[in-house]
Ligand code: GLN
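What follows is a single chain, given as structure tokens, in the form predicted on its own.
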């Protein structure tokens, strides 16, 4: 198994370290040819407009979309935004794959960042997951075929799965907890 991490901007090295802790081969993806021998892909957190612009500049948008249609892909924070069909902004490049509606900066500025324990279906049901939210998006709605995996106490949706796509509004790569990375590896192996 070899999992790529989109390495244009954001927390790609932290995802790479988590996968390596699990003994998984990794590759940084910066150009279309870097997708060739991958079994799965993580689109990390960062700045979604920057990721979209750089993906456009490097000719990656269509190759990423084609890859994600066929293989497991996980978007965290900005990666969630990049995977979504509806982000409320027409001008920003996105892959537009997951049938979710997203409020891009739902929790405010960097100073409003927080960590909270989450119960996550199939991942962290008995022991909560330490979810780190940094200028995070919020999933405001899901369409048919999307399974909600986690919500905040107020009902805000923060983790979903649709077939071989996974999206989390928070940053699991910024914790020592490997459960979500292990879960995604299971999706890749399925």
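The shown structure was predicted, so the numbers you read here are calculated from the model rather than taken from an experiment. Positions refer to the first chain, counted from 1.
What comes next is about the form predicted together with this ligand, which does not appear here.
Partner contacts here mean any heavy atom within 4.5 Å of this ligand in the predicted complex, and among 56 to 64, 38 to 46, 23 to 31, 149 to 157 they occur only in 38 to 46. This chain is displayed alone, yet in the predicted complex one of 116, 105, 119, 85 has a heavy atom within 4.5 Å of this ligand; that residue is 105. Looking at residue 138, you'd find every heavy atom of it more than 4.5 angstroms from this ligand in the predicted complex. At the 4.5 Å threshold, heavy atoms of residue 134 reach this ligand in the predicted complex.
The closest heavy atom approach of residue 98 to this ligand in the predicted complex falls outside 4.5 Å. Judged against this ligand in the predicted complex with a 4.5 angstroms heavy atom cut-off, the residues 68, 164 and 166 are out of contact without exception. Annotation for 69 to 89: interface residues with this ligand in the predicted complex are 77, 78, 81 [heavy atom within 4.5 Å].
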